[in-house]
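So this first bit is one chain, no partners, the form predicted on its own, shown in structure tokens.
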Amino acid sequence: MIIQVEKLSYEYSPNSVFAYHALKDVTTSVREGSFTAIVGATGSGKSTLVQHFNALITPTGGSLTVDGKLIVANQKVKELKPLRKKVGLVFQFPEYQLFEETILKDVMFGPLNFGVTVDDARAIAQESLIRVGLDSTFYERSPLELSGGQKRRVAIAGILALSPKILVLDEPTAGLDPEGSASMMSLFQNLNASGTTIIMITHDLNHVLNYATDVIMLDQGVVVFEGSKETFFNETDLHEDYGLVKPPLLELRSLLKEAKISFNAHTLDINILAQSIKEGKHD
């Protein structure tokens, strides 16, 4: 496991009237090379959990190990820079983090901060921008001139310029139109295929269905599910129990079942489902 969480707790504003336990004895893990979706209702602790992965915040109880780096409650974390290079955290609406006068300078900032030469930082930034679909015509443009989707790509390029082993995404398609959302998810899928471990917070179970391999579900700071995408969708009703919107494919399967039409009852692939209906096959 590239990330192992053991009885992790986090309390905001401890020892005050505003004290709030966002995480309560959370034990979970993330497989190296996986595309792990973290789901749950607003306020369930998703963002608080992932902020521990690069020690943006540290536990008030328990511990976690991130690619061999142990972080223990109430102990100061040493050598944070290597960890934060290894774990790239892309916040919701990351375009608000853009601050340089040109796109190229913005993406160069991270490598320069880690001691890379100007020439090498420029080359790294150019490669990262190409990876997110932005060519040389964008280099000298101001981030303020870009569309929302393009700004998001620049922000992601800035993280990729550090060559993270783990990429953490907090609602990465929020505010994007369907075309921009699909393009963004395709980018993350390609990064995952090239070996990057992807951890994605999302409310969109259709993204979970189409892209994730594993699922972690939180409710009120507690893990209520951990396992494969197939188990999550085929062997539980958690998406219904906790008020999440069921993906259209699962809605279709429910309608087919009610109509007593034979089909492959466990497929999560629309093409296989259609073929099974055509052939009258079922599990």
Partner chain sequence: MSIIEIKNISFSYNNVDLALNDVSLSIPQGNYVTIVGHNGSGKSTIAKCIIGLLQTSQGEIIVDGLTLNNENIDAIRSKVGLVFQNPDNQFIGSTVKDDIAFGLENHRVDPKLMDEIIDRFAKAVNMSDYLNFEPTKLSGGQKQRVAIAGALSMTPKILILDEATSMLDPKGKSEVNDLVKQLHSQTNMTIISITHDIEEAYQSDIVYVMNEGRIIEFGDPKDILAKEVLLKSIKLDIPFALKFKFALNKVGIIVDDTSLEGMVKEL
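Positions refer to the first chain, counted from 1. Whichever C-alpha set is largest while still superposing within 1.5 Å between the two forms counts as the rigid core. In this text the structure is predicted, and so the values were computed from the model without any measurement.
Omitted here: the form predicted in complex with the partner chain. The next part is about that form.
> Identify, from the list Ala174, Val72, Val116, Leu187, the residue with a heavy atom within 4.5 Å of the partner chain in the predicted bound form.
For this set of options, the contacting one is Ala174.
> Please determine whether Pro178 contacts the partner chain in the predicted bound form, using a 4.5 Å cut-off between heavy atoms.
Because a heavy atom of Pro178 falls inside 4.5 Å of the partner chain in the predicted bound form, the answer is yes.
> Indicate whether the partner chain has at least one heavy atom within 4.5 Å of a heavy atom of Asn192 in the predicted bound form.
Although the partner chain is absent here, Asn192 would stay clear of it in the predicted bound form, with no heavy atoms inside 4.5 Å.
> Please run the contact check for Gly61 against the partner chain in the predicted bound form: heavy atoms, 4.5 angstroms, yes or no?
It does not: once the partner chain is placed as it appears in the predicted bound form, Gly61 has no heavy atom within 4.5 Å of it.
> Does at least one non-hydrogen atom of Ala274 fall within 4.5 angstroms of the partner chain in the predicted bound form?
It does: once the partner chain is placed as it appears in the predicted bound form, Ala274 has a heavy atom within 4.5 Å of it.
> Going by heavy atoms within 4.5 Å, which of 63-71, 225-233, 239-247, 28-36 lines up against the partner chain in the predicted bound form?
Only one stretch qualifies here: 239-247.
> With the partner chain taken in the predicted bound form, which residues across 8-28 come within 4.5 angstroms through any non-hydrogen atom?
Heavy-atom contacts to the partner chain in the predicted bound form: Phe18, Tyr20.
> Return yes or no for Gly175: a CA shift of at least 2 Å between the shown form and the other one, with the rigid core superposed?
Superposed on the core, Gly175 moves its C-alpha less than 2 Å between the shown form and the other one.
> Could you check whether the CA atom of Asp25 moves 2 Å or more between the shown form and the other one, using the rigid core for the fit?
After core superposition, the C-alpha of Asp25 moves less than 2 Å between the shown form and the other one.
> Given a superposition on the rigid core, I'd like a yes or no on whether His207 shifts its C-alpha by 2 Å or more between the shown form and the other one.
No, because once the rigid core is superposed, the C-alpha of His207 moves less than 2 Å between the shown form and the other one.
> Can you tell whether Asp269 sits closer to or farther from Glu230 in the predicted bound form than it does here, judged by CA atoms, where the change is 3 Å or more?
Compared with the form shown here, the C-alpha atoms of Asp269 and Glu230 sit farther apart in the predicted bound form, by 3 Å or more.
> Having a change of 3 Å or more in the C-alpha distance between Val223 and Thr267, I'd like to know whether it is closer or farther in the predicted bound form than in the form here.
Farther apart, by at least 3 Å.
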